[in-house]
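The data below hold one chain only, encoded as C-alpha cells and taken in the form predicted alone.
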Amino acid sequence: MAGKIIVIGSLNMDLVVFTPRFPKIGETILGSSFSTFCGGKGANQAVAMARLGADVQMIGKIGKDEFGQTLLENLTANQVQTESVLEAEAQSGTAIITVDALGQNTIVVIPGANRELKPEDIYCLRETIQHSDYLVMQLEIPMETVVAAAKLAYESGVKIIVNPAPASDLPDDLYPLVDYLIPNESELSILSNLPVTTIEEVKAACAVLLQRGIKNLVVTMGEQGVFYRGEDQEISISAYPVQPVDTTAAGDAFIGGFVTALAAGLPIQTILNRASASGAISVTRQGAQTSLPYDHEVDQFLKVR
C-alpha cells in the first residue's frame, strides 16, 4: 500500500518568456510569447506526485497576494493537501524563466515567502512530518529548515529524499539522514568537488557522497539517462528519446515519478523506468506544472515503448 508523502519546499509563480535564442549580455531581442505558470520546485514535485496517484501534503509559505492565492488554489485543484501551507508577510516567490527554441531554459528565482519558512515553522508541524512515510525536500527554502525537518523525520523512521537544487553544498550532518539523494550532473559535481563528464567520473563522485553517509544516489543526466548507486547495487537507465519543447520541470517530474513509485513499493528498476518516463513526457510540453503527466499517461508511454 502506498505511503503518505510530505513535500517541504518552494511555491513560485513562474513568469516565462519564449524566445528563438537566449540574448547575449547587453542585447535586446524579441520574444515569441509570454505565459505565467504555477511552479516552485516543492510545489512542482507535490503536484507531480499527486497526478501520479500519491497521497501527498505540501508544507511551504506563500505571500498574502494574488500570486499566493493562485498557487494555493492550484495545489488544491491538483489534489495536493494544503492545510500546512502557511502565509508570510513577504511577497510570494517568483521565477523568471527564458525558454529557447530548443526547449532549453535559464531561470532566476526570487524566493520571497519561501525564504520565510523557518525551523520554528517545522517544529510546529512536527506531528504532520513524523506521521508521514516519506519526506521530500529541495533547496529553494533555507538550509537550516531542510536540516531541521530531516532530523525530525529521521527520528521517526520517515524515509528522506532530497533533491539538492539549486546546487549548493550540504551540511555534513545532513548526509547520514538522507535515504535518497537525487542530483543532476552539475549538482553532483558541486557536492563532490569532482568532474562528472564520463560515467566513470560519475561513479567516482557518487562514491564520495556515499562515504559521507548517503544511502542511495540517483543521478539524472538528461539525454545520457540515469545512474543509480546504492550501497550494493549500480543501475544505468537510458533516456527515452523525445523531442523537447520546454525542459523547465523535467527534474521535478522525474522526482515525482520516483517517489510515487518508491512509495508504492515497486522494485528499483521499475521505479527508475517510471521516473524517467515522467521526466521524458514533461519535456514535450510547455510550463512547469502544466507539463507534469498523470499516471495513465506514464502507463501508456511505457506501454508503447
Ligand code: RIB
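Numbers follow the displayed sequence, beginning with 1. Everything numeric in this text was worked out from a predicted model, so none of it was measured.
Although it is not shown, the form predicted in complex with this ligand is what the next lines describe.
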Whether L52, T260 and R274 jointly form a contact site for this ligand in the predicted complex is the question; each needs a heavy atom within 4.5 Å.
no
Of these, A149, A95, V219, L191, which has a heavy atom no more than 4.5 Å from this ligand in the predicted complex?
A95
Hey, in the predicted complex, is E187 touching this ligand, heavy atoms inside 4.5 Å?
no
Does this ligand get within 4.5 angstroms of any non-hydrogen atom of G39 in the predicted complex?
yes
Applying a 4.5 Å heavy atom distance criterion, does S278 contact this ligand in the predicted complex?
no
Heavy atom to heavy atom, is I160 within 4.5 Å of this ligand in the predicted complex?
no
In the predicted complex, which of 243-251, 26-34, 264-272, 56-64 comes within 4.5 Å of this ligand (heavy atoms)?
243-251
Can you name the residues of 276-301 that have a non-hydrogen atom within 4.5 angstroms of this ligand in the predicted complex?
A288
